[in-house]
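What follows is a single chain, given as structure tokens, in the form predicted alone.
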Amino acid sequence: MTPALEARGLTKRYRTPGGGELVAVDALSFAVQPGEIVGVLGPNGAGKTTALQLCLRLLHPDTGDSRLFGLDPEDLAARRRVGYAPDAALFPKALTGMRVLELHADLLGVPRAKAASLVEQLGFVEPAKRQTATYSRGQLQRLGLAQALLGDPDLMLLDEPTAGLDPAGVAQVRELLVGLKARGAAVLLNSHLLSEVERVCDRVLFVKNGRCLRVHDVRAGGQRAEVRLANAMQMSVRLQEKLPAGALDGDHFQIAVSGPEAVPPLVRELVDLGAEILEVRVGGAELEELYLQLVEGRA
């Protein structure tokens, strides 16, 4: 299968004012397959945004190259299949959000009704009537997402798509990503929200100083249920006896599970044991730990 996106040894260097050299991206190689969501995790300044721009040939690498659907990134046939939502996108301030989307719909050759549909889907109907100069950070993010989605892309590159969004906006982005994957599109996602990456990504690239430290298979790594208990202290002995594979950390009981389908039986068992459950979360079992170890250097 031809990857939707392939990066091969991408490197980008910049000269610093003092005559030195900054390596923003260092021999970065990876691929994103159709129907796959790949996350890129790393601290500020790790080279994540630069890597996305190199992949799209918005920046030219010093060495290495990239391919979109096996084609040169500047090939129009490839570019028409790509949606890109940069962090803090800029739009003409005098235009309304709807006018921006209508112009892009015309450029793509898609009906303007598509713009109206996306505005409604993203909960953006009222702001879309106003000039973009009046937009908050979150509203600009929504407009950028709508623009990137106009052409029904087969590959989406998203740079911090949830930055500035309220909880409802974060949930909408999650639904969009799941929908893209369901129809076979590929997604490359830069994010600092580990909880969201755990929920939607198939694989994760840990990046620091422009280098890929490790590629982690989120699904193969197993998942963990985290249950917050109102009566954790009273349950400690019982949990140790009946569920020894789990661990109690404060008022949070954590235990490895095969997947979301294993959570309802677990909850029933905990209730039968007398647990008073306040909250249940499911996530990758190793992602936070790996990030702290690989990126932050913590034991």
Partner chain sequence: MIADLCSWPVARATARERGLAPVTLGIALVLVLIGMLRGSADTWGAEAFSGFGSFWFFLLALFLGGGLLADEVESGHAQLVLLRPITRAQWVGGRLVVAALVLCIAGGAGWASSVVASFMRGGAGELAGRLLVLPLALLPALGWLATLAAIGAFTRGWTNSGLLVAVRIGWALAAFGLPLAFPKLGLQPLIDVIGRHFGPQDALMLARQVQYHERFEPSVIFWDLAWLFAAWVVSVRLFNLRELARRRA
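Numbering follows the first chain given and starts at 1. Here the structure is a predicted model, which is why all the values come from computation and not from measurement.
In what follows, reference is made to the form predicted together with its partner chain, a form of this protein that is not presented.
*Of the residues Lys181, Arg199, His104, Arg224, which one places a heavy atom within 4.5 Å of its partner chain in the predicted complex?*
If I apply the 4.5 Å criterion carefully, the residue I get is His104.
*Only one of Glu175, Asp217, Glu120, Asp87 comes within 4.5 Å of its partner chain in the predicted complex by heavy atoms, so just point that one out.*
Result of the distance check: Asp87.
_For the three residues Gln53, Leu56 and Pro92, which mark the spot I'm curious about, does each lie within 4.5 Å of its partner chain in the predicted complex through at least one heavy atom?_
Contact check passed for all of Gln53, Leu56 and Pro92.
*Indicate whether Ala185 is a 4.5 Å heavy atom neighbour of its partner chain in the predicted complex.*
Taking the distances in the predicted complex, the answer for Ala185 is no, it never comes within 4.5 Å of its partner chain.
*Contact test in the predicted complex: His60 vs its partner chain, heavy atoms, 4.5 Å*: Although its partner chain is absent here, His60 would touch it in the predicted complex, with heavy atoms inside 4.5 Å.
*Look up in the predicted complex whether Ser66 has a non-hydrogen atom within 4.5 angstroms of its partner chain, and give yes or no.*
Taking the distances in the predicted complex, the answer for Ser66 is no, it never comes within 4.5 Å of its partner chain.
_Can you work out whether Leu108 and its partner chain are in contact in the predicted complex, taking contact to mean some heavy atom pair no more than 4.5 Å apart?_
Yes, Leu108 lies within 4.5 Å of its partner chain in the predicted complex.
*Since the chain is shown here on its own, which stretch among 146 to 154, 121 to 129, 206 to 214, 224 to 232 would lie within 4.5 Å of its partner chain in the predicted complex, judged by heavy atoms?*
In the other structure, the partner sits against 146 to 154.
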